[in-house]
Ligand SMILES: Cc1ncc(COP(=O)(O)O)c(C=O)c1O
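Presented below, as structure tokens, is a lone chain in the form predicted alone.
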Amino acid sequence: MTMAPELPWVPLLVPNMPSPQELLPWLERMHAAQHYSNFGPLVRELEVVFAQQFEMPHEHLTTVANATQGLELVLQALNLPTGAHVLVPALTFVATATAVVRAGHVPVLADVDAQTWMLTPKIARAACERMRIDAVMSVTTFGMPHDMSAWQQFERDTGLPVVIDAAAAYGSQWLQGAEGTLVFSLHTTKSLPAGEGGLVVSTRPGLAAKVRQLSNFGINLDPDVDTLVGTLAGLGTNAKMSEYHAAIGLASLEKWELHACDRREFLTGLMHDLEQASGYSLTWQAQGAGGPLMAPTLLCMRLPDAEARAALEQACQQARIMTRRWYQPLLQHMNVLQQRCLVLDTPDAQSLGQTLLGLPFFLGMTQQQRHRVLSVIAS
């Protein structure tokens, strides 16, 4: 008796990278220049484009090897005292907290807003009343942008530096005419994929230049300062973006608007169908004061309770549909972080952590794959 073949898994995420043909002109330019790293011409060209997009001088931004190192170097460039208390949301990817620890500081885990799922200036103010806070690192949860004018006012009122971990928010998070510091990811699963890479944007005087120097081991390359060129000016690391990754980023930029539009339309339609299939029992992340999500890269929904999530996970497993508990466990429940963090009351983060579930979302998803997901939800 011949067994029927098992259905292939419906993947959670599928990278949307440029094709080899799209990359070829950029790679040929790189090869002709024979410059492959160390702030090469493609990296500089990519940075010029970013500076034009953010309508700011080139010296206010820099590329890095990845967003995690970007966060670490920004914290280092802020010259916080060793062991500084850095407020972060309890509901976030681990890199937010590990960047704080690796920079020599202490993450203070705070609650998030129950509707937007983000750490807000209001929550940060309440945390400052409870304990000493030296800096704040908020997160654009699932790419949802912050209101930067509100964070600028927070900085002015408290004197505390604010860094936005905007890893998933390229194309959605802007400074909006306000002052601030943003760190983006150009990872293969993000809205502007370069394979690996990051972008630091900051209106804080000298911060981006300091990050750039630290990303090159801390070596001074500026002939107009007292330190000799080639001399170590700080204890940095090797976090430069390569020409290879800049080539991918430049190729991705050529189709960014089209792909962002496709993602928005796809997400809107899929959410509508999921709501109908579920009998309108799902809850979605609310848009904050920072504006709409312009380039969604994943699909995360909230189930009515932990039991409903567990049941859906089991049904998806049986139907060979990948899911993800974003972000689970919460940071304070991870053994490696427990002894390195301070934890405030986090009731909304705890509730979200028990009920959020990610489902497959990617460009190129077939009608058959979509139907399988909707069928499981309906059942």
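The numbering used is simple: start at 1 and walk along the sequence shown. A quick note: this is a predicted structure, and the numbers were derived from the prediction, not measured.
FYI, the form predicted in complex with the ligand isn't displayed, but the following is about it.
Novice: State yes or no: in the model of the complex, is some non-hydrogen atom of A167 no more than 4.5 angstroms from a non-hydrogen atom of the ligand?
Specialist: So A167 counts as contacting the ligand.
Novice: Is there a non-hydrogen atom of L71 within 4.5 angstroms of a non-hydrogen atom of the ligand in the model of the complex?
Specialist: Yes, contact at 4.5 Å.
Novice: Considering non-hydrogen atoms and a 4.5 Å limit, does the ligand approach Q332 in the model of the complex?
Specialist: Q332 lies outside the contact set for the ligand.
Novice: With a 4.5 Å heavy atom cut-off, would you call G197 a contact of the ligand in the model of the complex?
Specialist: Yes.
Novice: Scan T181, T92, S215, S191 and let me know which has any heavy atom within 4.5 Å of the ligand in the model of the complex.
Specialist: So the residue touching the ligand in the model of the complex, by this definition, is T92.
Novice: Could you tell me which one of K240, R263, H187, R302 places a heavy atom within 4.5 Å of the ligand in the model of the complex?
Specialist: Checked against the cut-off, the match is H187.
Novice: Going by heavy atoms within 4.5 Å, which of 344-352, 61-69, 38-46, 308-316 lines up against the ligand in the model of the complex?
Specialist: Careful reading of the contacts points to 61-69.
Novice: Out of 321-352, which residues reach within 4.5 Å of the ligand in the model of the complex, heavy atoms considered?
Specialist: If the 4.5 Å heavy-atom criterion is applied to the ligand in the model of the complex, 321-352 yields only Y327.
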